[in-house]
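The data below hold one chain only, encoded as structure tokens and taken in the form predicted on its own.
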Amino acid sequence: MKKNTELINGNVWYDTDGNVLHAHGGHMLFWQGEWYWYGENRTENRYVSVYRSGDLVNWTFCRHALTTDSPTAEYRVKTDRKLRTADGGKINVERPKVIYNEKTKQFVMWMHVENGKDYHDAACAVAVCDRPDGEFTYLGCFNPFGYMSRDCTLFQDGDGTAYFISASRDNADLHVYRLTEDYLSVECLVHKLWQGEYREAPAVMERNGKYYMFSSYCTGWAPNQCRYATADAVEGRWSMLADIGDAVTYRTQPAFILPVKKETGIDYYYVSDRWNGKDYNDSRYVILPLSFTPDGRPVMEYRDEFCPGL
């Protein structure tokens, strides 16, 4: 297949084998000179797939990282480790995020899980692997400190401290949890943010000592106004929400923020999904550069193509 130099936003994206790329609601991890893109794959018996790239444009399929048949294991938190429903169907696995734990030498995945029939479980789940492109072992799902947990993200700070952020109280609030040192459970709840604002699809980044959290409003599959807030520390005081992009965020919803180190510094990209509620598998991707004003305010403008120039 011809090597790409750019990706057209909103088009169907294909891997290097010519197959449709399934990595929705996902996350990218940079490891040993290459990026790994994890995301939802709802085809057949699959939950999460992983792709690898050296240039962020040409993506090679690695494997299905989590399926109905993935191995499971017990760990210290009591969890539900079923990867199928009682009648043999699929559960819901959404918004998988993966970070690396330097102390345990494990790649740790957190995600949102539901029972496959309704959205009453509102649980988070954890899986682990000793390599970025391997099959993950599912450690099960649970409700952190008994709270609901839906749309979610992971953020790893510069000192290695990791945080799990998820929508709670029927999406009315965003909860921020500091993770244990092994990243396998929550250590404490450090924030209940923007109570009653109904934010979902959180995405977090850090730039020049300032932290940014992007999120969308709850309107189902329909796009809406992305908003962001800032703080001087993840566990510090977060600002009020401010708009970014247009009224429907160029018909997208945040998945994550991607920092890319270059010789000239670090570029930041807003990676998002353009959902198709009538045909989920025909949902598309949009990646847009973020620029910043002298006082640190993020600016998002639409571009037809994603061309990181690596």
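In this text, residue numbers run from 1 along the sequence as written. Treat the numbers as computed from the prediction; the structure is a model and nothing was measured.
Below, we turn to the form predicted together with a small molecule, even though it does not appear here.
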Among Asp173, Glu135, Asp121, Glu94, which has at least one heavy atom within 4.5 Å of the small molecule in the model of the complex? Glu94
Sort through Gly209, Gly220, Gly158, Gly88 and report the residue having a heavy atom within 4.5 Å of the small molecule in the model of the complex. Gly220
Here the chain appears without its partner; judged in the model of the complex, the stretch of 94 to 102, 228 to 236, 73 to 81, 179 to 187 with heavy atoms within 4.5 Å of the small molecule is 94 to 102
Quick one: is Ser49 in contact with the small molecule in the model of the complex, heavy atoms, 4.5 Å cut-off? no
Would you classify Asn41 as touching the small molecule in the model of the complex, given a 4.5 Å non-hydrogen atom cut-off? no
Please run the contact check for Gln253 against the small molecule in the model of the complex: heavy atoms, 4.5 angstroms, yes or no? yes
